[in-house]
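Encoded as structure tokens, the following chain is the form predicted on its own, with no partner shown.
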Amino acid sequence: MARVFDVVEWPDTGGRDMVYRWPPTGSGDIRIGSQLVVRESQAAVFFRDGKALDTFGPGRHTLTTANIPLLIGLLGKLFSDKSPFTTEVYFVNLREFVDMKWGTPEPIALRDSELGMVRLGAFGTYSLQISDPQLFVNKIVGVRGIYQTGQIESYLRSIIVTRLTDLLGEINKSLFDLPRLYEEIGAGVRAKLADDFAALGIDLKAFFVNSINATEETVKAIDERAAMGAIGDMQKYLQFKAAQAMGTAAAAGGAGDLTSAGVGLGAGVGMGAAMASAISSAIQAGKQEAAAPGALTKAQVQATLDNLDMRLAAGEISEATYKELRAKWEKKLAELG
């Protein structure tokens, strides 16, 4: 037997829920003359058949056919003054929600004016207030089919990340410039979000960018770029990386596969393709000059020797390592005649 409710209310002891469905399990039966209790900072929206209907503000309301005209009109002939009617009531919290968190669930890939391509993560805070409870229930509950706070926050975060990505793509600034632009980026994203949130019945009160960070791959690319800047010449840098790869392969197995030495060197975002190309060229040249499969040529050993000075200057190897490697490769060169 269906339970008929005489009092409809939401005490809201936590204060962090945006909306509460009454009854929690779904539709409930209410009769004319039942009491609807709406507390301060709440609005109660009657909802049926996918539509938000009559809305009540704070106070104690005795339900009559006069104050729920949209719901009675929808029920039509199915309703009589003596019959309980079935509906859902959504209590909407009209308090301002502050210090809400947003963040990118996955890195955002963007063009960078200096690095070529970067992958970024970002996070921050925002605050909002539901300004139109009936529109909010229609759009969030009726259209999206969600009402739990976690689900709503996740949906709002997806909108935020979309607008943030749009803005970062439009301004096309380098990762190095972004930290000094947090305030401007926050203002720009807030402006983009204002209409999106207003269409949901939400007033976006504030929006802040706390951090925009590079992913591990991008940090590695920055380190590579810094090393290149220290050397000062792109061609020499690429030659240095190719020779370094060959030297690593030779040290690992003497007649090792030079192709495997190139793995990982192209990981730097933006510069990866150029590095891979340079390394590939060096590998092809090495293969053509090789006297026998897997053997190092005199030219390869000489190239490794020539680049030991660069590795020492770049701080990649110590003085002791430099002397040890130089002696080793000079001996190898002598053996090759």
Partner chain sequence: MKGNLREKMESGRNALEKLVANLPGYQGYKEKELRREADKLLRNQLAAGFDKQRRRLSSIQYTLTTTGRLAAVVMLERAMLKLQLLTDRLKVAAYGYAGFFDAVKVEEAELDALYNFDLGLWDGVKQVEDLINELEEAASKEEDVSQSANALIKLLEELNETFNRRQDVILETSKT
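Positions refer to the first chain, counted from 1. All values derive from a computational prediction rather than experimental measurement.
Absent from the display: the form predicted together with its partner chain. The rest refers to it.
Undergrad: Of the residues 114, 153, 170, 216, which one places a heavy atom within 4.5 Å of its partner chain in the predicted bound form?
TA: The residue from 114, 153, 170, 216 that makes the contact is 170.
Undergrad: Tell me, out of 188, 124, 107, 201, which residue has a non-hydrogen atom within 4.5 angstroms of its partner chain in the predicted bound form.
TA: That would be 188.
Undergrad: Which one of these stretches, 115-123, 132-140, 203-211, 153-161, sits within 4.5 Å of its partner chain in the predicted bound form when only heavy atoms are counted?
TA: Of the options given, it is 203-211.
Undergrad: Is every one of 222, 319 and 330 in contact with its partner chain in the predicted bound form, taking contact as a heavy atom within 4.5 Å?
TA: The answer is no: none of the three residues contacts the partner (heavy atom, 4.5 Å cut-off).
Undergrad: Give a yes or no for residue 194: in the predicted bound form, does one of its heavy atoms lie within 4.5 Å of a heavy atom belonging to its partner chain?
TA: It does: once its partner chain is placed as it appears in the predicted bound form, residue 194 has a heavy atom within 4.5 Å of it.
Undergrad: Consider residue 177 of the chain shown here, and say whether it contacts its partner chain in the predicted bound form, taking contact as heavy atoms within 4.5 Å.
TA: Residue 177 lies outside the contact set for its partner chain.
Undergrad: Are there residues in 23-52 with a heavy atom within 4.5 Å of its partner chain in the predicted bound form, and which are they, in order?
TA: Residue within 4.5 Å: 40, and no other.
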